[in-house]
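Listed next as structure tokens is one chain, alone, in the form predicted alone.
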Amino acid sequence: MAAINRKFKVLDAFYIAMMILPILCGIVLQVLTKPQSEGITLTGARIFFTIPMPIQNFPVTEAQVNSAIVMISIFFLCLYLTHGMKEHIELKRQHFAELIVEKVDALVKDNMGEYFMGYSAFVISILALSAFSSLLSLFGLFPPTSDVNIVGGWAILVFFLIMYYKLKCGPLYYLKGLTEPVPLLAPINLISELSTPISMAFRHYGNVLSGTVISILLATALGGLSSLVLGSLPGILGDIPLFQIGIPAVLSIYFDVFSGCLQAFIFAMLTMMNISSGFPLEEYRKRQLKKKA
């Protein structure tokens, strides 16, 4: 029994270490590769290296590397939460894991219906990936959600799912839906269809990026205010960043934590609503009954 408990604790420690290690590696990579700069610098994701490809070279960027960091950390977090899970709850983490599953199942059921209950894993994956990607900025790392290419990829994946369910009743039924309520609106309806992934991507990307920009500008402005107020004092007193103590941290609670988690929730909600609302469930069931008959 002691050997089993020791093995259990060692495996727990390994999972926790593997949750933290990718973030530490990202911080080390940031320190070693980011060039020194003075003043305000607002740039996109840095390109680490480029892989030659036949049609177009494939750049490996900071956003892609940080996305991999988030996915590895989430993977080992899931392993940690489910480690030692039993029919009768013995660990507090199992309470937390089951609470997450129950809340996400309820969210999917309320917004998508019973037919889409299998999408709970997909929805929690979007929520976790988006939220943790935005929270990387707390560690001084570039948040992948500040790169439109990353969020755009998520939106395109969701768009494929939306189109898959809209075409479940056949392409003719879908094309007929574009002509409603009048055929003259077909071009506008088509543009509305194609604009879905664009609006989802830019809404998420724009909100996260704007929060990062505002945080940097406010922190820099507070540093300038500190120099203006205390700059005339002699010695080290004039270098104290008085107004940068505490205030940027409070702002970060909103722009990095609250706003990042809120945008993750909104993206997940839009995903559920667009997939379920575009699926003609009643018509699909009628067609299935006709096929059986």
Partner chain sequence: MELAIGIILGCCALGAGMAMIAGIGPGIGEGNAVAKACEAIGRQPESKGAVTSTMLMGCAIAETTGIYALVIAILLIFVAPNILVDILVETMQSL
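Just so you know, these numbers come straight off a predicted model, no measurement behind them. Residue numbers count along the first chain shown, from 1.
Beyond the structure shown, there is the form predicted together with the partner chain, which is absent from this document and is the topic of what follows.
- Checked against the partner chain in the predicted bound form, the candidates L29, A45, L225, I266 yield a single residue with a heavy atom inside 4.5 Å, and that residue is I266.
- Checked against the partner chain in the predicted bound form, the candidates W154, F132, F142, Y205 yield a single residue with a heavy atom inside 4.5 Å, and that residue is Y205.
- Stretch 194-202 is the answer when you ask which of 82-90, 96-104, 194-202, 178-186 has residues with heavy atoms within 4.5 Å of the partner chain in the predicted bound form.
- Using a 4.5 Å cutoff between non-hydrogen atoms, A121 does not count as a contact of the partner chain in the predicted bound form.
- A68 falls outside the set of residues with a heavy atom inside 4.5 Å of the partner chain in the predicted bound form.
- Shown alone here, F58 lies farther than 4.5 Å from the partner chain in the predicted bound form, counting heavy atoms only.
- In the predicted bound form, the partner chain stays beyond 4.5 Å of every heavy atom belonging to M19.
- Contact with the partner chain in the predicted bound form holds for none of F76, S125 and L138, as no heavy atom of theirs lies within 4.5 Å.
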